[in-house]
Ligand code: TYM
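Given next, in structure tokens, is a single chain: the form predicted alone.
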């Protein structure tokens, strides 16, 4: 089976858009690929942060990932900082990437603009991202269009290293996953739902209480007119609710509209479906949260599996670079 790698940063809450747009695909990939999933906590260090909050967020995110269906027996699930090869390989990636390549990264421009403090790591973090991918002989990286530039840089670094020092890294491919639901902000339905704090009422978090989920969905923005139909261009608010309802009930958005004639009924049906979809996830999450030692055991098991692959890759890289053996 092809090896697949994906990572997620422990900043902000996991929301409905993450789950329906990407994480459900992570779950299904466990049985179709050799899947490696990583909580990329080192990437969270590129900006000032509260250490206690990062520690808690990393643990909570791992518990959410297990709760949605990631099975440590069917995939490799671990925390990035638990495998020291990520940091070591990142330095090699920095030595292989060109300054001009890093300077052209559009996400650096977006994230640094207007900031009082811009760390060097924010500039070089694509090298760490390349390290994350290349350490595992990754064949495929499921990404959205916004990450394609980073995968192209990773490919360029791998090819350049292999040409200079001999065959070392597998050159990965970016893969656009099977289309998941495109979940938009409930208050701004022409913008994607995001982790940003700018629109808390427009974002449904996976751990929101049922009453909160219901309130957010029932207060969602709809459109002029009264017809319930799937038409993202003309009726973005209604179409967003239909996309969510369809994803939560295993239907197409068009089929989800059948029999619904009023906006109020659409909101009620969507809220009920989302609450029922989230119920088992939240129950499993609370079980894990009550026993953090078990989560730690599962993550240690994943780190051991990851380290076996990462250490072999780094041994090749060190030998090919000419580094003296210890």
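The term rigid core refers to the maximal set of C-alpha atoms that superpose within 1.5 Å between the two forms. Positions refer to the first chain, counted from 1. This structure is a prediction, so every number in the text was calculated from the model and none was measured.
There is another form of the same protein, the form predicted together with the ligand; it is not shown, and what comes next is about it.
By the criterion of a heavy atom within 4.5 Å, residue 245 is excluded from the residues contacting the ligand in the model of the complex. Residue contact with the ligand in the model of the complex: residue 129 places a heavy atom within 4.5 Å of it. Put simply, residue 40 is close to the ligand in the model of the complex: some heavy atom of it is within 4.5 Å. Proximity of residue 22 to the ligand in the model of the complex: non-hydrogen atoms within 4.5 Å are present. Partner contact region in the model of the complex: 182 to 190, out of 231 to 239, 182 to 190, 163 to 171, 89 to 97, criterion any non-hydrogen atom within 4.5 Å of the ligand. Although the ligand is omitted here, in the model of the complex all of 7, 18 and 146 have a heavy atom within 4.5 Å of it. Contact with the ligand in the model of the complex, defined as a heavy atom within 4.5 Å, holds for exactly one of 256, 141, 75, 79, namely 141. Contact annotation: of the candidates 204, 157, 133, 83, the single residue with a non-hydrogen atom within 4.5 angstroms of the ligand in the model of the complex is 133. With a cut-off of 2 Å and the rigid core superposed, residue 17 has a Cα displacement that reaches or exceeds the cut-off between this form and the one not shown.
Relative to the superposed core, residue 188 shifts its CA atom by 2 Å or more between this form and the one not shown. After superposition on the rigid core, displacement of the C-alpha of residue 204 between this form and the one not shown amounts to 2 Å or more.
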